[in-house]
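Below you'll find only one chain, the form predicted on its own, shown as structure tokens.
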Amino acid sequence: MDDLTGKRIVVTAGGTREAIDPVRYISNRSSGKMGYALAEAARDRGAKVILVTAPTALPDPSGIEVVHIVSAVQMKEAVIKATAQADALIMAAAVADYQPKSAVKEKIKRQTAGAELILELVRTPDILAEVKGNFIRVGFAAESEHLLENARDKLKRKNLDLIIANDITAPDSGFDVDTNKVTLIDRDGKLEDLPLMSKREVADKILDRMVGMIGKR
């Protein structure tokens, strides 16, 4: 299948790390597997793919331009640059919602920190909401409750063309597994429930929907 030949697709993956000190950071359980599956599927369908990835245990996929970042701020900068001539952005990364207001330059020592260590946190950039451009915008909603309600709200708030709703509490679905069960919702409200599939199969289903959207843009 070569239905993405000539298209430039930007995919993000992994969980960002927000530094507390040179040793510690705030992050999440994202393995990056869904984002990497999307990047590889788009490559195999003929696209020029740029993968902007936070740290993962996965090897760089061949035939894909890989941009390694660590923090949410770095991911935003890389996505702005990568989407300058993009046909689509797929934000599969789990970007931290908060970061320490300031990272400490030296390692915080247990004996000097006291009985409690209080971190002042500030919001990280909202990449999907802030990155501008005439390209298809695909997001993910990883939720533990009110799955469809929260996904529809995010779809509208961030002006997305498509959102993938993922119940992270479901067996064999969510973080650090090779399968996923998701619901696709587009801006017209069309809903598609997918059965439990491998993440690569889910990736192709997402791209199937996205191809039609690119054609109409």
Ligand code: C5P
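All residue numbers refer to positions in the sequence shown, first residue = 1. All values reported here derive from a predicted model rather than from experimental measurement.
Unshown form predicted in complex with ligand C5P; subsequent notes refer to it.
Screening Lys181, Lys154, Lys48, Arg45 for any heavy atom within 4.5 Å of ligand C5P in the model of the complex leaves a single hit, Lys154. In the model of the complex, ligand C5P sits beyond 4.5 Å of every heavy atom of Ile136. Although the partner is absent here, Val95 lies within 4.5 Å of ligand C5P in the model of the complex, judged by heavy atoms. Looking at Pro100, you'd find every heavy atom of it more than 4.5 angstroms from ligand C5P in the model of the complex. Taking the partner from the other structure, ligand C5P in the model of the complex has a heavy atom within 4.5 Å of a heavy atom of Ile127.
Although ligand C5P is omitted here, in the model of the complex all of Met91, Phe140 and Lys158 have a heavy atom within 4.5 Å of it.
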